[in-house]
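Next up is one chain by itself, shown in structure tokens, the form predicted on its own.
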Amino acid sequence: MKNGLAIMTSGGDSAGMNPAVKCCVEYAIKQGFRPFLVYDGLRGLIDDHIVEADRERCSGILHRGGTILRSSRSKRFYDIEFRRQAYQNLEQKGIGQLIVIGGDGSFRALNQFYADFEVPFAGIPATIDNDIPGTDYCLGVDTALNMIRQSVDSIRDTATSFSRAFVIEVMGRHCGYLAMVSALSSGAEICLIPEIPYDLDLIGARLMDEKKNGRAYVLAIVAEGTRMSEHLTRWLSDSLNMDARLTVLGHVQRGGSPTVHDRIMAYKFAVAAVDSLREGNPNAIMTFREGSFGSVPIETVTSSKYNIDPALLKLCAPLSS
């Protein structure tokens, strides 16, 4: 078996990727692998942006957000001839295994690569949306939540100063996890997410009653996937007769130095990924469920839909009505 092991990041960046890269390299060496780094994601596989890992490349990256390996989405990877080119690049360097740190789209791409050329891979879930089936946690989520918390706390300061309503849009195209946890942890009055039906009439009646009893400001957290941010801002102004402002946090949520939690999770995911390949598992995705680390076949990820913890939905439901 070729002992070359290539590590890459793909898809949207998230804090925790760099600690995962560093640990993958260091632990892979201890397990007898020869680690390589793939720059620029899937594009880098095709264009041979592959270099042998050394101490200098992996030094001083633990505290950095994003990914030093950079990322990309490559339409060329859908073409078998470009995948063949990527395979030949790996062959020439004696690379027989891959670790990909990313989301389900990256895992699907590497699964197709395995079907074509039987290059086994291990996937480390990393997406701030926290929406990969089979795992309760993905790298970068805790850092993103703390970036949101910091922003919401600052917005609350000005909201209280001017007795305003603020709508804060957070990321989450199809999953409201970030919005829910942020709303609950920041004490928001409103939370709109794709998973919970909302009723603006009931929300308005509740808030009008609270205004009569002294409420001076309102915070609303909205997942981008609802496409309700601008409408809710106008509605708050018209229905509650309050000065309402919209803040779209955007890509600030992806940045920031990884939290302690994300750094430790990165290490544990990385060890699990290297061990999975060493034990001969060809295409497993690392998971963290109910406090324990494990793995699931790629088919579990590709054939399942992520479902948010029902207990969390129950806690958040009163903020949508």
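All residue numbers refer to positions in the sequence shown, first residue = 1. This one's a predicted model, so the numbers in the text were calculated from it and none came from an experiment.
FYI, the form predicted in complex with a small molecule isn't displayed, but the following is about it.
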Candidate stretches 287-295, 248-256, 53-61, 263-271 - the one whose heavy atoms come within 4.5 Å of the small molecule in the predicted complex: 248-256
Taking the shortest heavy atom distance, is residue 99 within 4.5 Å of the small molecule in the predicted complex? no
The small molecule contact in the predicted complex: residue 211, any heavy atom under 4.5 Å: no
Contact label in the predicted complex: residue 129 to the small molecule, heavy atom within 4.5 Å: yes
Taking heavy atoms only, is residue 227 within 4.5 angstroms of the small molecule in the predicted complex? no
Could you work out which of 119, 109, 242, 171 is the residue within 4.5 angstroms of the small molecule in the predicted complex, going by heavy atoms? 171
Answer with one of 164, 73, 156, 231: the residue that has a non-hydrogen atom within 4.5 Å of the small molecule in the predicted complex. 73
